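Just one chain is shown here, as structure tokens, and it is the form predicted alone.
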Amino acid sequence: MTAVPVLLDVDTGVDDALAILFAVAHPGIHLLGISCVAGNAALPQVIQNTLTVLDAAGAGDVPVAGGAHRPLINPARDASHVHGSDGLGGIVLPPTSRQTHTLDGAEVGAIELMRRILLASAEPVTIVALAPQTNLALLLRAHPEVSEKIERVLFMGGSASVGNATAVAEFNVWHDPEAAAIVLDSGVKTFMYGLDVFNRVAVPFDKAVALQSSSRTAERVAGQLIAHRTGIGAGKEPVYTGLIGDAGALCALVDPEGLRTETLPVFVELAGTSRGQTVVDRRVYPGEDSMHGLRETTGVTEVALEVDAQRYVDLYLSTIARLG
């Protein structure tokens, strides 16, 4: 298998951590670097979580850099009710000696790191965005020349059906809808791994518990992270979901045959009660908005609509079993 060169953009909470373990382990992924952004936790915590999870994965020297502390317009949101105050659900990992990337003794920010990696790559790079897309929007606006070095942006975000942050908006897009709109309208090829498939790939609770007794560090950490994956029940009580979450987007990268997708017009709603919604146009025929010129033609993205959930669970578990 030829490894795909990948840049990860993360807001490392519980499921980003699961994704980092997978990215380090899978032979089909060549992890070039990781950029961090505020989202599931504040930026300093995201950076620290990313570095400690790389240790848990036994990763080599992967450059990591911090980027945006907040969305382009809105203040940062609090996701501690999902990911805990530390972003990792209170899981205790050993302290790390890893540091963020430096050049000539100076710390390199996420936008500059991404620019340098993209321009230096001999082949186009896939950006896997598992967070609000603030870093990507800033990169594309400040350095449009990098577009030709991007194979595509595969992002975990959006929905063609229901939301989670609101009734219609998914968290990553809702956290910074202007940034997502910039990326979708940039002309760069995009792939949306949204809630339609995200909400289906789940590890049974007994399997998560069993992983915590593994002799392998990465499997034990993955088991703890998965066991922490909860949703909010009807009475607002925590309910185990076992979702691998963001890690599913990396499964989609290495095993696209596990999905049914369609290439469709997608735009982000930026106002009103539906702010942050990814409007996915699945109509067969033009509607009145098109007939009367009420909406400009929008770009298209490949949208994941159905998933072989067991296939991705098996893929995830077999991949992290490769780690020590």
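Numbers follow the displayed sequence, beginning with 1. Everything numeric here is computed off the predicted structure, so don't read it as measured data.
There is another form of this protein, the form predicted in complex with alpha-D-ribofuranose (RIB), and it is not shown here; the text below is about that form.
Segments offered: 221-229, 181-189, 166-174, 201-209. Contacting alpha-D-ribofuranose (RIB) in the predicted complex at heavy atom distances within 4.5 Å is 166-174. Interface residue among I91, L195, A137, I111, judged by heavy atoms within 4.5 Å of alpha-D-ribofuranose (RIB) in the predicted complex: L195.
Although the partner is absent from this view, L250 stays clear of alpha-D-ribofuranose (RIB) in the predicted complex, with no non-hydrogen atom inside 4.5 angstroms. Applying a 4.5 Å heavy atom cutoff to alpha-D-ribofuranose (RIB) in the predicted complex picks out D11, D15, D16 from 7-23, in order along the sequence.
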